[in-house]
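One chain comes next, on its own, written out as structure tokens in the form predicted alone.
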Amino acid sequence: MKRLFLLILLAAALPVRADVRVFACEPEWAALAKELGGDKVSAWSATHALQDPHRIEARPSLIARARNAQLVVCTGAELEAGWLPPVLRESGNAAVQPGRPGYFEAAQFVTRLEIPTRIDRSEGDVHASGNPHIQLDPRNLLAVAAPLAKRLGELDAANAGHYAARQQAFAERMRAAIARWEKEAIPLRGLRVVAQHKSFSYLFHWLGLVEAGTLEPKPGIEPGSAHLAQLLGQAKARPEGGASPGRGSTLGVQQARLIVRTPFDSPRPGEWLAERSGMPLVTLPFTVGGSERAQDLFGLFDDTLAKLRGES
């Protein structure tokens, strides 16, 4: 009897096992799953903020994680096309294959930008389904959160109410934060920015910034000296008549004020242009874990706005 009592006490002291094991392709979806699931979800990200999500190897460790997952949450829109299919295939986990309830693509629930009218691989790494970097518009996180919470509730029906309540609480916090961020970003509207890759299109679209040019001559193509020299020449040129370009101007990088990169982009091209043009180079966190402050979805945007405003 005494032994039974001790076993009961030991069991009570052990942490409660999470009900749904989530394999997230990117850190933002692991963070969102945790926001929606709390202690009912165990979320693990296949990539981290210092990795380019386009270029991941289908390692045995990823296959093992997918084998034990109950829900795979990925961006989709071809972002993981180079590595996720073999991971899922080799996992042997029928429950998380595309088309099954255990497979979830976030990009299906948002309006995607930059959908090409034609596919020509000579134009670089162009995604037929549009730009996949949807996480940098927090309104997209709201759009994804509701169907993701519903899917969690379908996989774990006993706790469906838990996921629904957490989704509502998350939506309230996120809407309040979006209103604050948009107010803070008013002085940034119309700011002309040079990006290394087409990583920040959703961020710029949301805040009203202008992508004046990219360090890459084509998506996914490393910038060479000739292209960088051309950008430098444009950056130093003055608009005719000294007019200030408006939003949507075709003046290239004339009057651009900032160069931005992700934590996983090579710093060399941006440093080269920054040194010669006088434009500051800023590393934005891009995803959860991309900076010391960006440790959750709210910190991601707090830090991004602060860096754009030159405050950190």
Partner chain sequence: MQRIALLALAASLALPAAAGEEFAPEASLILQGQYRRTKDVPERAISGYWSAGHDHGASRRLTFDDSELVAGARLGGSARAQLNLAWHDNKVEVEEAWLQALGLGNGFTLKGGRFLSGIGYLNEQHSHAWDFADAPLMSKALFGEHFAQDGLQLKWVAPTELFVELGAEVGRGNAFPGAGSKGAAAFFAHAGDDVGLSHAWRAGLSWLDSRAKGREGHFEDTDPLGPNEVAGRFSGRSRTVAADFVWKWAPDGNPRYRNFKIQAEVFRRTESGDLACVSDVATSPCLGGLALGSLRSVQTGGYAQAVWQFMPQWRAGYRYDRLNAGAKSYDAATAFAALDPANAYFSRHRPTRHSLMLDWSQDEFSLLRLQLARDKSMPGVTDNQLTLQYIVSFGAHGAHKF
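Numbering follows the first chain given and starts at 1. Predicted model only: the values in this text are computed from it and were never measured.
Heads up, the form predicted in complex with its partner chain isn't pictured, but that's what we're talking about next.
Enquirer: Is the gap between A229 and its partner chain in the predicted complex 4.5 Å or less for some heavy atom pair?
Expert: A229 lies outside the contact set for its partner chain.
Enquirer: I'd like to know whether E154 contacts its partner chain in the predicted complex, with contact meaning heavy atoms within 4.5 angstroms.
Expert: No.
Enquirer: Taking the shortest heavy atom distance, is A179 within 4.5 Å of its partner chain in the predicted complex?
Expert: No, no contact at 4.5 Å.
Enquirer: For N131, is any heavy atom within 4.5 Å of its partner chain in the predicted complex, or not?
Expert: No, N131 stays farther than 4.5 Å from its partner chain in the predicted complex.
Enquirer: Checking a candidate spot here: are H48, A64 and G220 all in contact with its partner chain in the predicted complex (at least one heavy atom each within 4.5 Å)?
Expert: Checking in the predicted complex: H48, A64 and G220 are all within 4.5 Å of its partner chain.
Enquirer: Using heavy atoms only and a 4.5 Å cut-off, determine which of P147, G161, G92, G190 is in contact with its partner chain in the predicted complex.
Expert: Contact check passes for G92.
Enquirer: Its partner chain isn't shown here, but in the predicted complex, which of 22-30, 282-290, 53-61, 35-43 has heavy atoms within 4.5 Å of it?
Expert: In the other structure, the partner sits against 53-61.
Enquirer: Does anything in 266-298 come within 4.5 Å of its partner chain in the predicted complex by heavy atoms, and if so which residues, in order?
Expert: Residue within 4.5 Å: S266 only.
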